[in-house]
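This document opens with one chain alone, in structure tokens, the form predicted on its own.
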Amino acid sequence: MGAYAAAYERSIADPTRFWGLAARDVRWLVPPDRVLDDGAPPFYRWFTGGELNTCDNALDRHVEEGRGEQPALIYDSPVTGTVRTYSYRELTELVARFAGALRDLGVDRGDRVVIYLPMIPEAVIAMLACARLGAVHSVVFGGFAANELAVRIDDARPKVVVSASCGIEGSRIVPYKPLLDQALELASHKVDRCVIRQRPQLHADLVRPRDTDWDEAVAGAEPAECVPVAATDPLYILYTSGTTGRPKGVVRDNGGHAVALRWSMENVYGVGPGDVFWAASDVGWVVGHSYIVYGPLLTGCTTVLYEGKPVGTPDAGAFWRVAAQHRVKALFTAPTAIRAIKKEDPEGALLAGHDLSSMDTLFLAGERTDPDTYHWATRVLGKPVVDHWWQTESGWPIVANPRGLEPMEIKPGSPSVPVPGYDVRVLGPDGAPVPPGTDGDIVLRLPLPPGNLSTLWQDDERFVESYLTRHPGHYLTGDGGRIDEDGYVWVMGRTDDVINVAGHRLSTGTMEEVIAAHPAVAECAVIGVADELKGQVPRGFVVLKSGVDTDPAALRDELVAMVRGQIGPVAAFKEVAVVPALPKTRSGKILRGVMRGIADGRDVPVPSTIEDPSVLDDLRPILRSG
């Protein structure tokens, strides 16, 4: 039995022993009484009775164990022309000082702090400062619309909001302070104090005495020590991206989170203390929480904080420059980023001159990695390209190729195998397991492993209703797919992306996989739209690679033939439109649900997470013309 199979079997058969051993890599102030507390299902708790501090594990312990002078954080900002490195000792001192400033503003253990910052070091410092005090941070993506920020303020009810004068999107300055001021006016919960980081690109007007300048706040503060918290105490609240209406605040605990992330860094990502890890995401998303801030620092790695884009800052070689310059061992980004790079530089010419010998692996997640993107990245990089799958709710990978534990065969289109701790099943509409190779609901048998959401913020009932009701005893991921004969999981997209064509259930993700393989296509989306005869029919939208000049009608005929050839006439795939761009969230997810609603003639809300509303405006006539 291989290392992966043995570890997976142990984790499912005896999770208490498996995670009890993993917990030895965390510094406990009080050891836990129980590893798994299953006394009140479906609310399972990990490491009850234990006390620790997440900031202590991420910073202080490394300084005490001799890593004080090692780089902890590299801030690389092509939009400001800045590269700065912070050692573990320096970062610890900055975090302790800002924690003292928050304490002076009345922040105590259990209080909430909303963080509304761009990709600057102060975002990392503020998160860790909250953890140091035992406060609960809620990071809201910088530049979110005022109403969305207000809704989150009302839900989290913070004592303090930490923000900045502006963010920078490419060459565009985004003033944050007016958005914050408007949100505070809209919110029914009144925030007494705000801390504002003034950036040189734009000075914000402060509202005294509510607003305090960051530099002024830390200048008079005494460094704060780490506050012990219970393993089951919340570390943060993170609202799921694309939320409309009442927000859904995922709650992450301290103990299980630290154990799971520490384990994942070495076993999934194959990195250890001293290695450089770069997650090219944003601290506003779960990837930023788990793998820009906490995972690498809990492990003693050097983490990269990148304020830029995959293309345009300055070009499609930006990622390769950063990876080479900082000797990155593992790069983690979204397939959308790679497709954007591929679109601008289809031959990978901008790799020239960048020494990527330090880089072992490219990890992709956030949406499904289509085989064409996988093959392109593998070809131009000459490195293993590893798709993996997880969610805001899980906080760390559910299905992955465990590169540190035992590298597995890569099957393009599959994120590989269930990660130890996750009992992944595929169930049919009746709740019964389906045979291998058969599509159904992907679920996780309870209990979920450490690090997953413990509930929704102050809404246990909604937690049960949203995730635990459809298939009792299981967590509903909301994704559909299958498990093949070899145990590989194939995630084909959200279950609402399964369309019903004349009684046949078909995955739009499978159609996208076929279309993406065409050499002219940079990226694509397939949606199901209402049809009087068949119930639903698929419509495709494709973005061409840079420099490609092709006849749209001829391309449509080729793509239709490909889908018919690989899926069959039953797909009823006949419509394809060539478009300049696809509407996406800032985290890179294509807004298929919004596109489908517009095509069906419904008045659908556009989430504030949309990256560029003009893309959707341009697409509306095409969607409605169908």
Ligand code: AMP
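These numbers were taken from a predicted model, which means no experiment stands behind them. So that there is no doubt, residue numbering starts at 1 and follows the sequence shown.
Not pictured, yet referred to below: the form predicted in complex with adenosine monophosphate (AMP).
> Check each of V229, V286, V521, L297 and return the one that places a heavy atom within 4.5 angstroms of adenosine monophosphate (AMP) in the predicted bound form.
The residue from V229, V286, V521, L297 that makes the contact is V286.
> Find the only residue in F277, W320, W390, Y467 having a heavy atom within 4.5 Å of adenosine monophosphate (AMP) in the predicted bound form.
If I apply the 4.5 Å criterion carefully, the residue I get is W390.
> Going by heavy atoms within 4.5 Å, which of 455-463, 487-495, 419-427, 256-264 lines up against adenosine monophosphate (AMP) in the predicted bound form?
This holds for exactly one stretch, 487-495.
> Classify T361 as contacting or not contacting adenosine monophosphate (AMP) in the predicted bound form by the rule of any non-hydrogen atom within 4.5 angstroms, answering yes or no.
It does not: once adenosine monophosphate (AMP) is placed as it appears in the predicted bound form, T361 has no heavy atom within 4.5 Å of it.
> Contact between E367 and adenosine monophosphate (AMP) in the predicted bound form at 4.5 Å, heavy atoms?
Result yes; E367 sits at the interface with adenosine monophosphate (AMP) in the predicted bound form.
> Flag T240 as yes or no: does it have a non-hydrogen atom within 4.5 angstroms of any non-hydrogen atom of adenosine monophosphate (AMP) in the predicted bound form?
Close contact exists here: in the predicted bound form, T240 approaches adenosine monophosphate (AMP) to within 4.5 Å, heavy atoms only.
> Even though the partner isn't displayed, in the predicted bound form is D479 close enough to adenosine monophosphate (AMP), meaning a heavy atom within 4.5 Å?
Residue-level check for D479: yes, a contact with adenosine monophosphate (AMP).
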